[in-house]
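Just one chain follows, in the form predicted on its own, and it is written as structure tokens.
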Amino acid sequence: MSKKYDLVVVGAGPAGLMAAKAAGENGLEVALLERKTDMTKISRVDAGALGINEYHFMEILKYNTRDKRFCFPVCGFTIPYDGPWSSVYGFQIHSPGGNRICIGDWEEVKKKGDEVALGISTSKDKLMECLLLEAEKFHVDVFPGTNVTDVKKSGDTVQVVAGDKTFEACFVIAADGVNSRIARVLGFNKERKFHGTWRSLCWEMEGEFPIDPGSFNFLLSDKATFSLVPTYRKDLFHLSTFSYNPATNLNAVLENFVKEDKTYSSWFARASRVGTINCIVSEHSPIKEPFKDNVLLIGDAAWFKEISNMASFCTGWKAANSVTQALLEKKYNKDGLSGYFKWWNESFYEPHGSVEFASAELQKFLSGEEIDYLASIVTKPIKATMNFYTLFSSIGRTYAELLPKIQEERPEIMDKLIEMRTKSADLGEQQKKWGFPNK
């Protein structure tokens, strides 16, 4: 007879590992299921970054370098991390001709250093390893190489089917990522708005690059947009590009940029590719009430694309404690998790659930020279942030103030910006047609 658990957690990313560890620490009988055989191996293009010293989703982080722990003072928990790390200070946007917009004052960074850091790049594998060790310390039963195919309510419990194994529990936490199978199996995606299928390709690059230390960089060529971000190692970077069009050869786009771009190819003269990371995401709108049949979706499984590492940890911690409270109060239903839903709506869905990022690529409307002009008129640093919602709203406000200048100096660019805005809905529809909804 199979063991019955208090909680089954599906997915061993930041949200799932945090949920399993917190629930185990609370004394619950917990099973953690992960389809990968190596649970701590994470292949992502986020460089293991965690925002610190500013609020994200109503939480603010600190890294305690003395005791090597990330501290979440609002939620009230810590995470061990004794691996390598490096500081992040903000973003920079580079135009096709080499003009630069700074989100962060790099002169201030040179004077104050880590005092003004807004992020930390970690070894995400090591971070996951630290959490897994704590989960095992609190007697969580861990099942790597376990691919969940079905979840169904059966009386007062939930059954999780994985091959010839069935796991039974009072509650299930689904932390199986942005392409969540459980979200699809339970029918969540039928009600969600589909935005398209986002494909990203990243080259891991070793070498030296002429960028400010601790800067996350967006590089705009006249053909495509790229990101170049540092990792926890000073000589290891992630270079990536993306497209919603399945016909786009992302490898060829990167190859051309690195070898042929008139402005940026020289940046890669002393660098070599050491690895490749692929990512495919079917983007759906966030879920307002991520619960059905005693299954709670957390982290990326309930969000648009990437909810962030910090937010994933918070959803895992809050979900585990809400399940613990529900079991103590013998409320084996939605009412038992009411505290989680209140927190989810206040911290995530109400402020950000309806936000849609414009997907239009500047290069479809503007020439390289015109993008250079738009970059050149931002003459002062924009306030530093690692919060993408703050980042895009700050850029929007900056250019809103510059519209009269653009109209006066380059009215043809203003006309193209208006065209880009009016055609964004048509581009969004084309993006959906290219995609593969996870229904």
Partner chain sequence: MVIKINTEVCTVCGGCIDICPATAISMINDNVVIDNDLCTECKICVKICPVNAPAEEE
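Everything numeric in this text was worked out from a predicted model, so none of it was measured. Numbering follows the first chain given and starts at 1.
There is another form of the same protein, the form predicted together with its partner chain; it is not shown, and what comes next is about it.
246 is the sole member of 113, 339, 84, 246 with a non-hydrogen atom lying within 4.5 angstroms of its partner chain in the predicted bound form. Proximity to its partner chain in the predicted bound form, defined as a heavy atom within 4.5 Å, singles out one entry of 74, 280, 274, 355, which is 280. Contact check for residue 199: a non-hydrogen atom falls within 4.5 Å of its partner chain in the predicted bound form.
Put simply, residue 250 is close to its partner chain in the predicted bound form: some heavy atom of it is within 4.5 Å. At the 4.5 Å threshold, heavy atoms of residue 184 reach its partner chain in the predicted bound form. Its partner chain is not drawn, but in the predicted bound form it has a heavy atom within 4.5 Å of residue 147.
Screening 394-402, 62-70, 373-381, 32-40 for residues having heavy atoms within 4.5 Å of its partner chain in the predicted bound form returns a single hit, 32-40.
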